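Okay, here we've got a single chain as structure tokens, the form predicted on its own, with questions on binding and movement later.
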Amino acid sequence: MANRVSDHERHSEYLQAMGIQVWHQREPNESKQPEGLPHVAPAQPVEAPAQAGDDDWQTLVDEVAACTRCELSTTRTQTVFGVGDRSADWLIIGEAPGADEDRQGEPFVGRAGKLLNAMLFAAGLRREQVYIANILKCRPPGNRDPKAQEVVHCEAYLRRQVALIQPKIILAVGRIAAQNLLKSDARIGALRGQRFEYADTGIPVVATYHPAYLLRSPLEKRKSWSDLQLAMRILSQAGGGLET
């Protein structure tokens, strides 16, 4: 009978996928982790709570699905609203749906989505424990950069998602997401490694590289791991579920 893979083994595999050196102790001790890594509380199953705002969520979902505010409504297969735990501490925000996302109606699928899952798992999180959304809800043709007016038309939808989720931290994934969330034209390399806040909400924002970029530039994975560590520290200081 095949042996079951433990969470510890999977965690090591994901850290290796992120380009993080993994140290193995001769005598396993669950109370200790490799030097330099923050202690992460074990991921716990998430129970879907009874939500007082379910009607608000459905109203927003319906509005997005029927949206014709810009020309993207004429070229999309479907809108990509978002997915995950609607009461999550972590809100992950990317740029816009790609071809796979447009077909499946879910953000961050395909190779980039698998790497994002690996990044989250290395931080002690599972995909279903966070909420994942995009700046745009429709795919720009040819995966071009979003136009300014397209972002403006979608911004109100994203702000309402943030208000409903009330996350404790936002991870801006990629240049387009970071620049639009932070209202900045700085390069992603200049925005990462710092703590910002989203609009007037006081919600911390940490920017990092997009998984698609990391697939092309794997040597930058270590920098993204550093960004995740920063986000974990910020969340811990705010009384979140991760321990330093």
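From 1 onward, residues are counted along the sequence shown. All values derive from a computational prediction rather than experimental measurement.
The following text describes the form predicted in complex with a small molecule, which does not appear among the structures shown.
Taking 98, 124, 146, 82 one by one, only a single residue has any non-hydrogen atom within 4.5 Å of the small molecule in the model of the complex, and it is 98.
Stretch-level contact analysis of 82-90, 107-115, 69-77, 161-169 against the small molecule in the model of the complex, using heavy atoms and a 4.5 Å limit, identifies 107-115. Contact annotation: residue 210 falls within 4.5 Å of the small molecule in the model of the complex, judged by heavy atom distances.
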